[in-house]
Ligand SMILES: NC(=O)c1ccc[n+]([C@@H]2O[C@H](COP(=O)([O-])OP(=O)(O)OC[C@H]3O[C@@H](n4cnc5c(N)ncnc54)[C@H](O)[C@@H]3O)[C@@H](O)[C@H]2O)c1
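Coming up is one lone chain in structure tokens, specifically the form predicted on its own.
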């Protein structure tokens, strides 16, 4: 069987803890042949751990050795690397968000189409069992009316790596984590075009000194990304989306919630539940068992590889990922300037 030769660009945590182990579990479909990082020592260390034969600190050097690249760098470099990879004739899997701005996303899509190559974005929540079940059950919901999203963490600003670096990441809680739930909500309701986006962007809490934080430490004096965001989005089909995400909310506990109310019924994704009115009764249904894999990483990686090999259609379309970035841009534009 033909195998896809993959190069990893960026040897940080997301590469080591998600993509490398996952690709190696799919060794009947792919081979991780190269790894690149600006920190050559780190790249070599990871290569030794995963028995990767080619190591470099210049991503251009690995292009001739692979069929596809997996981009695991800070967000700032997504578009630059993807465009270069397409120009070299390679397929691209890029971690979310697609890029810093919608304009960069458009450049990525245009170059991928010109090259005739696959562009996939790492919105792995779509591959959770609950999300897959919800997508199948949208026929029970009918025309969607109101979508509610909460992606909230109680005092868990990621105080490691580049997560709070606005220049490298473009933002904070919204572009890092909330984007997953925004993407999932849009996908479930069929990605209708947005007609109105309003929002509020906050970081007051993380600017206060000596705040408790479960996930590492950060400098409150230089903190300039969002730690809490709210938004209201309207769509051309009349649906509306109520959205809230936070790294550092003063709430009782973390909350991951996505629910949809439609004309015929409603559903909740986490946990998956279905709400309908039939035969003069209100029915709330829970699934005692859901098909699919426990972790979304494997089906996500398999979908990318098979799409590159011409055996499957992409689940995450690049134009859909562009919509996520376009809405994020509008929320940041309308939400006010952070200090």
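All of these numbers come straight from a predicted model, not from anything done at the bench. Residue numbers count along the first chain shown, from 1.
Not pictured, yet referred to below: the form predicted together with this ligand.
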Partner contact check in the predicted bound form: of 278 to 286, 38 to 46, 303 to 311, 62 to 70, the stretch with a heavy atom within 4.5 Å of this ligand is 38 to 46
Which one, 232, 235, 215, 77, lies within 4.5 Å of this ligand in the predicted bound form by heavy atoms? 77
Partner-contacting position among 228, 126, 96, 91 - heavy atom within 4.5 Å of this ligand in the predicted bound form: 96
Given that the partner is absent here, does residue 169 sit within 4.5 Å of this ligand in the predicted bound form, heavy atoms only? yes
State yes or no: in the predicted bound form, is some non-hydrogen atom of residue 115 no more than 4.5 angstroms from a non-hydrogen atom of this ligand? no
Is residue 11 close enough to touch this ligand in the predicted bound form, meaning at least one heavy atom pair within 4.5 Å? yes
If you check in the predicted bound form, is residue 162 within 4.5 Å of this ligand, heavy atoms only? yes
Using a 4.5 Å heavy atom cut-off, are 81, 122 and 180 all in contact with this ligand in the predicted bound form? yes
